[in-house]
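What follows is one chain in structure tokens, specifically the form predicted on its own.
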């Protein structure tokens, strides 16, 4: 292994309280720290932990394609690694969930012979399970990016829960500092109408990013989703719409009693 290294960490959704001890130590001991967080308190916290910390938020420019932004972030991180520095990059939430640059940077570092690893963090999905009282094991859970769901032939199981990420920025490939028109939302509704009745209640969710604040939890009938308040951080949770169909043959083969 070469002298430089890369550790990717997650700061959690609420950095104060959700930043793990292991991640704190990595930030403190790194020669160079890069970070992207969602609020000023987390920004100050990381700078206190390591004065070398450099925000990567500058690469997000209005109208700039996201893929170019992600590549610029990877290039900046790799500059430090190639310099022989023990480099740490901190991303809010879980660093492996909806964080393309983290995966790309690790692949790049490893391909060049550098040690690279990722430490887990608390994601928006973890917060959703806690705030909505959802157990994903109860009925199963399908998760898709909302844009990906529209663009591809995804098939849903209405007896299972569904999570659609980034429901407030469907079809947007550039960073918009002034907000998003979200013209792709009707296409999401069009596809969902194949599986759910218009009055099926769904939940627009957004995790609280500051201590003491409450999460956004908006239950609405599916047909009224366009009238809900959406942001780039909004997630759509769709509870099961029907019971699971048991496979009697498998019950028998497993030797389980049939009690329904």
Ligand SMILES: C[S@@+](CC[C@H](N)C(=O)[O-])C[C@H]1O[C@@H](n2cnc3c(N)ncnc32)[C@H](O)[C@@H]1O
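Numbering follows the first chain given and starts at 1. No experiment lies behind these values; they were computed from the predicted model shown.
In what follows, reference is made to the form predicted in complex with the named molecule, a form of this protein that is not presented.
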property	result
Which of 104-112, 158-166, 186-194, 78-86 lines the interface with the named molecule in the predicted complex (heavy atom within 4.5 Å)	158-166
Residue 134, heavy atom within 4.5 angstroms of the named molecule in the predicted complex	no
Interface membership of residue 150, the named molecule in the predicted complex, 4.5 Å heavy atom rule	no
Contact test in the predicted complex: residue 221 vs the named molecule, heavy atoms, 4.5 Å	no
Any non-hydrogen atom of residue 9 within 4.5 angstroms of the named molecule in the predicted complex	no
One residue of 53, 230, 26, 207 in contact with the named molecule, assessed in the predicted complex (non-hydrogen atom, 4.5 angstroms)	207
Within 4.5 Å of the named molecule in the predicted complex: residues from 112-149 (heavy atom criterion)	123, 124
